[in-house]
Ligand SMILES: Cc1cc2nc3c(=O)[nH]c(=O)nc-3n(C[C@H](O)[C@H](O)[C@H](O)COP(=O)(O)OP(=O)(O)OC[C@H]3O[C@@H](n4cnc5c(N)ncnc54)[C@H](O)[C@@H]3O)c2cc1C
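So this first bit is one chain, no partners, the form predicted alone, shown in structure tokens.
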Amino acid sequence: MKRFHCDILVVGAGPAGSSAATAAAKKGMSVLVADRSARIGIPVRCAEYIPAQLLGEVNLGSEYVAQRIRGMRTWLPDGSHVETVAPGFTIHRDLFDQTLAREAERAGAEILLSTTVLYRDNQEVVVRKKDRELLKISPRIIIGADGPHSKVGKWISSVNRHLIPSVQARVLLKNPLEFTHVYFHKDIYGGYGWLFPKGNEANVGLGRKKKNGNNVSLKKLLEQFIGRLVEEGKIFPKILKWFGGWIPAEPVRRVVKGNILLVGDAAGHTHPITGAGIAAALISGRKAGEWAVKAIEAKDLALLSKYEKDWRDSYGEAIDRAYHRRNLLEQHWCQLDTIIKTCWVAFREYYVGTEE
């Protein structure tokens, strides 16, 4: 079995992992990134929207941008809607992830594709490549960026326990749209449906929490939702592609232990109400990479706790509020018409207090 030594092993080459790898490699660290996919960013499990300011944060061109978005239109259970100014872009998520990974490689990180992390053996990590060759990697620090069902998270008993299943379809638009559309309906318990335009196509999907009495399958519910959008004249009925995934809806929790840090979806750095997570993944990944460098340079793993404080300063309050709002939303779902303004980001009431 071949053995490798590196300063930092990053598990996962999504936005969080590539951001962490870039930050560390730019400081001269030897960085190895292991990703189980054969091609970075594929399959896509994302509605593919980013806020406008994130382009400046990434600063890596715009070839992955599909279209500009003016704002968000929220459709309420009574059929009315409100518009929110929310400039942004829908993107080609696979191209976005590949752009970030190339930047990590340019900084000096090495990326191993088709590589599955199996287990830890003391301080070594055993991985299997696509040719079934086993490798042992000896890193000084491990950054877990391996998604909602993080294996690295299990190693430190910090896992997502509040995951919402989602399903999505790619469809053709009948006419161009400049707004993202979000739909609340009593049948989509604890979640919502969405239509995100992407040029002449759109991502249409929904996320729904499990509950006794939810007898209609998620895919069937999406088919019904698509039928509604067809009747409204927004989309054509043909499905171009199906997607699926899991959305963390976590409270704030510890994501550092020993020489391991978690970032992005693996750390629950996803908004528990909206499901947005790309911006948090990029920023938390960069912070993790920077603190990993400082810990290695100082030969003091205790410095990794500074990453914990750093990401909480950036996102802790927003995640805490959203988690409280999610609990409120679920507990009073039967009163969705009256509770929605307190529980959705388009309304001023959402930002007033956090009491349930």
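What you are looking at is a predicted structure, and each value in this text was computed from that prediction instead of being measured. Residue positions are given as counts along the sequence shown, with the first one as 1.
Just so you know, the form predicted in complex with the named molecule exists too; it's not on screen, but the next bit is about it.
Only one of the listed residues (L218, I260, V117, L229) places a non-hydrogen atom within 4.5 angstroms of the named molecule in the predicted bound form, and that residue is V117.
For the candidate spot formed by A13, A34 and I278, every residue has a non-hydrogen atom within 4.5 angstroms of the named molecule in the predicted bound form. Contact check for I319: every heavy atom lies farther than 4.5 Å from the named molecule in the predicted bound form. Looking at E250, you'd find every heavy atom of it more than 4.5 angstroms from the named molecule in the predicted bound form. N160 falls outside the set of residues with a heavy atom inside 4.5 Å of the named molecule in the predicted bound form. Remark: Y49 counts among the residues lining the named molecule in the predicted bound form, judged by a heavy atom distance of 4.5 Å or less. Heavy atoms within 4.5 Å of the named molecule in the predicted bound form are found in one stretch of 292-300, 305-313, 322-330, 37-45, which is 37-45. Contacts to the named molecule in the predicted bound form (heavy atom within 4.5 Å) from stretch 233-261: G245, W246, I247.
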